[in-house]
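Below you will find one chain, with nothing else, as structure tokens; this is the form predicted alone, and questions on how it binds or moves follow later.
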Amino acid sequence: MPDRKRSRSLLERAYGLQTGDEALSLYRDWATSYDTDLVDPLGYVGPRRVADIVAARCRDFNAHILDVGCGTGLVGDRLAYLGYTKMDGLDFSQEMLEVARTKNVYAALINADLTQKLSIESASYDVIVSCGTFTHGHVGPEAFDELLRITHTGGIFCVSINTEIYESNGFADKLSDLEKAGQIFVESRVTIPLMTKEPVNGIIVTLEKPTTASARSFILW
């Protein structure tokens, strides 16, 4: 039976990451037990909730989706259950990707660092989804520039950002700057519990990468 004390200790370790090497070490050790350590002991519902919000926004089951920071594939697994058929997963940890592979829901798995330029062609994806990546000790708001590059105009994002770092780590300012520049249109921000047994909440941001015409209209308005 999963040990809640161990689960909380691992979560605290994840939130305290300072370097890429520390992240690689943690997720190398954690990959095979990640799901059992989080889902039941801590009530990790974030991936399911984010996937459900994506499904409410995008009814095209053939949309090309990139699951950013896919980890062991919890979001992808839920999206596959809901009927989505064309998903890729991206993560920093090869060990986590190998666990995601066993779920058989991703067409491709990409080992990449979101703080660097991605080896992905521009305008490759219709939907960007992410849960658990924009949080303490992980990826900052600068990743949005590269994610926008690889998304089609008219494409949508649905990402969770830990509420405790949304403003302090610059996410609020980054999204505001992108919206003022007409690069995104923020459709909604909804705060939800990411865990039911720990006080961990996320701001689920749904946004669109507008076409030139819609971006111009938005700026003029």
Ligand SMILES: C[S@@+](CC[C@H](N)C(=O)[O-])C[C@H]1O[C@@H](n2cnc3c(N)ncnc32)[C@H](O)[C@@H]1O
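Keep in mind it's a predicted model, so treat the numbers as computed, not measured. Just count from 1 along the sequence shown to find any residue number.
There is another form of this protein, the form predicted together with this ligand, and it is not shown here; the text below is about that form.
Participant: Mind telling me which stretch in 169-177, 150-158, 182-190, 62-70 gets its heavy atoms within 4.5 Å of this ligand in the predicted bound form?
Facilitator: Careful reading of the contacts points to 62-70.
Participant: Report the residue, out of V139, L109, V99, I120, that has at least one non-hydrogen atom within 4.5 angstroms of this ligand in the predicted bound form.
Facilitator: Selected residue: V139.
Participant: Let me test this: is every residue among T163, G202 and L207 within 4.5 Å of this ligand in the predicted bound form, going by heavy atom positions?
Facilitator: Judged in the predicted bound form, none of T163, G202 and L207 sits within 4.5 Å of this ligand.
Participant: Closest heavy atom of D91 to this ligand in the predicted bound form, within 4.5 Å or not?
Facilitator: Taking the distances in the predicted bound form, the answer for D91 is yes, it comes within 4.5 Å of this ligand.
Participant: Answer with yes or no whether V127 is in contact with this ligand in the predicted bound form, where contact means some heavy atom within 4.5 Å.
Facilitator: Contact check for V127: no, nothing within 4.5 Å of this ligand in the predicted bound form.
Participant: Considering only heavy atoms, tell me if V105 and this ligand come within 4.5 Å of each other in the predicted bound form.
Facilitator: The answer is no: V105 has no heavy atom within 4.5 Å of this ligand.
Participant: With heavy atoms only and a cut-off of 4.5 Å, decide whether M87 touches this ligand in the predicted bound form.
Facilitator: Output for M87 is no: heavy atoms all beyond 4.5 Å of this ligand.
Participant: Within 123-141, which residues have a heavy atom closer than or equal to 4.5 Å from this ligand in the predicted bound form?
Facilitator: Sequence-ordered list: C131, G132, T133, H138, V139.
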